[in-house]
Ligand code: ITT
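To begin, one chain is listed below as structure tokens, in the form predicted on its own.
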């Protein structure tokens, strides 16, 4: 079964390919020119569905499965920010590094060195006859320094519960087990099996 990902984010594409080995995973940008998708939903689930529907409609094929995720980090000390704005926390078009350091600075401004935080991943699956959304979460602490160079996004500042290293420092296999995205993908695989 061909799975088209509604993303061009190389880090996400790599994670999806690793976690969905049984499927042919193709980023939509290999099938068409990238186009702007306005993510104006107020939840991760709504934004994931917006992306998956947009790519499904643009492909114009019945026998394709489109999968999209919307994910981000929510920090307790910041009232849940950046949440659905994680990818553009430092502004539209901001780099991972700019977002990372803006979040570190925002936590420092609260006068704390760390805060409880969690990642959310919502994965939407859109086919001709079905739309489904599954979720995964990962809990831990956001710290006010960047440690490690593995992963992407906010990984260097997030320490998963039960660990003393950031996701940026942890071995990839450990991260795969803990990841909000891998938890959501396990549920997405169950949905995909019902489509075969």
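These figures come from a predicted structure and were not determined experimentally. Positions refer to the first chain, counted from 1.
Below: the form predicted together with this ligand, not depicted.
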(message) Among the candidate stretches 123-131, 56-64, 140-148, 153-161, which one is within 4.5 Å of this ligand in the model of the complex when only heavy atoms are counted?
(response) 153-161
(message) Does any part of residue 96 reach within 4.5 Å of this ligand in the model of the complex? Heavy atoms only, please.
(response) yes
(message) Taking this ligand as it sits in the model of the complex, is residue 4 in contact with it (heavy atom to heavy atom, 4.5 Å or less)?
(response) no
(request) Answer for residue 87 alone: is it within 4.5 Å of this ligand in the model of the complex, judged on heavy atom distances? (result) yes
(request) Would you please decide whether residue 9 lies within 4.5 angstroms of this ligand in the model of the complex, comparing each non-hydrogen atom pair? (result) yes
(request) Counting only non-hydrogen atoms and a 4.5 Å cut-off, give the residues of 35-57 close to this ligand in the model of the complex. (result) 39, 51
